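Take a look at this single chain in C-alpha cells; it is the form predicted on its own.
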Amino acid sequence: MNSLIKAEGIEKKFGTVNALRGISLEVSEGSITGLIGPDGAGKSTMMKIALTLLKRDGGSISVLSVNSDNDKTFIRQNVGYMPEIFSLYTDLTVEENLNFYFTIHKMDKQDYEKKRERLYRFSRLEAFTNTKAGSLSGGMKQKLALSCALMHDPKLLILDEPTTGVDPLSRQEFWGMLHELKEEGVGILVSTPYMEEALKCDFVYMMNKGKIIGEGIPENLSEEFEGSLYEFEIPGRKPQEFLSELKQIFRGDSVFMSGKKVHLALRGAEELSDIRTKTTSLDPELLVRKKVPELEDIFIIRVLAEGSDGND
C-alpha cells in the first residue's frame, strides 16, 4: 500500500511545553490509522502539522508524497479535514454548506450535482437538505462535516475526534461510513479518546504527553502484554481506599481504577492463590480474579510505566 503520510521524529514546542517529542508514524491508503490518547496527548498538534497548519520544530514529514515544506497549497487542496470543533456555517442549510464547499473547490457544476447526490445517499441527509446546520443533531452535524470534507474526492482524510459528544448509534453509523471509504481506497487518520473506537482501526498509535507509548494492530497490543492482570471487587468499601492499600503491598507494579473496580498489573507471573493470600488481610470479602487485559488496560499500564521511569 502507498504511504499517504510518513512522519519521522516530529518535534513541537509551545513555549516551554514539549507538545510533540519525536513522533514517527505512517498512514497508508485503504486503511484507518488511529491516534489514541487523552486530551493534551498531542493528537491535534500532530494532525495540524500534517495539514501544514502548524510549523514543526524538528523532524520530517511528507503528505501525499509531497514534502510539506515545499507545497502547502497542494496538501491543503488534496486532503479532507474535519477539525475537532464543528466548523461549518450553522446559519446555512445542509444544501448551502455543500454548495459552499463546491465553490471553494471550483468544481464543474455537473460533477457537483452528481457528487452531491452521492453524498446525500452516503450520509442519509436527503431529508435534511433545507435544515440549517445549527439545528442538526450532533451525529448529523458530523455526517455533514464529513460530506463537506469529501466534496473534492480526497485520497486522505484527517479527522480530529469526530465522534466526541455524539450519541452511540450515530457513532456506530459514522464509523460505518469510514469503513466504506476505506474499502474505496481512502486513507484515514483519525484521533479519538475512546478505546473501544481504537478497535475499529487497522493500526493505532497510543499517545501521551507528546510521545508515542505504544503502536500496533489493536488486537495484538493486548496479546503482547507480558505479565498478569488481576481485577478486584470490594463490596461495602470505597475502591479508592483499597487502591491506596494495594499500592503499598505491590510497590513497583501498576495499580489503577477501572470503573468501580481495581486492577493490578504484575510484570511477572503469579498464582491467583498467592494474590488472594497477600490481599485478604485488606478485606476478607474482596473478590479477585485473573483478567485478560483490554486495550484500555494496556494504555494505562504503559502510561504508568512512563511515569515510573521519571518522564514528565
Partner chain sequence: MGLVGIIIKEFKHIFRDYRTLMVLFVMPISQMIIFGYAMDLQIKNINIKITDYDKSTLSRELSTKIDGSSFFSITSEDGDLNELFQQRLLHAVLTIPVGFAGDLNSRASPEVDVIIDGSDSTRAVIIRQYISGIIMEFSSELRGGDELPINIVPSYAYNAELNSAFFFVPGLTALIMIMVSALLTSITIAREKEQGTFDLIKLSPVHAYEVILGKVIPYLILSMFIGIFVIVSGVFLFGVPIRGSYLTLLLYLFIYCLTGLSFGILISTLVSTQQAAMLIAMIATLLPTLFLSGFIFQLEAMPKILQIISWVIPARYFLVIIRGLMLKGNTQGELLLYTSMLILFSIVFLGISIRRFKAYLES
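Numbering follows the first chain given and starts at 1. The shown structure was predicted, so the numbers you read here are calculated from the model rather than taken from an experiment.
The form predicted in complex with the partner chain exists for this protein as well; it is not shown, and the discussion that follows is about that form.
Partner contact for Thr52 in the predicted bound form: the partner chain, 4.5 angstroms, heavy atom: Although the partner chain is absent here, Thr52 would touch it in the predicted bound form, with heavy atoms inside 4.5 Å.
Distance check, Ser147 to the partner chain in the predicted bound form, heavy atom within 4.5 Å: Because no heavy atom of Ser147 falls inside 4.5 Å of the partner chain in the predicted bound form, the answer is no.
Exercise: Ser137 in contact with the partner chain in the predicted bound form, heavy atom 4.5 Å: No, Ser137 is distant from the partner.
The partner chain contact in the predicted bound form: Lys72, any heavy atom under 4.5 Å: It does: once the partner chain is placed as it appears in the predicted bound form, Lys72 has a heavy atom within 4.5 Å of it.
Candidate stretches 117-125, 77-85, 210-218, 190-198, one within 4.5 Å of the partner chain in the predicted bound form by heavy atom: Within 4.5 Å of the partner lies stretch 77-85.
Contact assignment for the partner chain in the predicted bound form, among Glu113, Glu96, Glu233, Asp167, heavy atom within 4.5 Å: After the contact test, the surviving option is Glu96.
Sole residue of Arg237, Lys132, His179, Lys155 within 4.5 Å of the partner chain in the predicted bound form, by heavy atom: So the residue touching the partner chain in the predicted bound form, by this definition, is Lys132.
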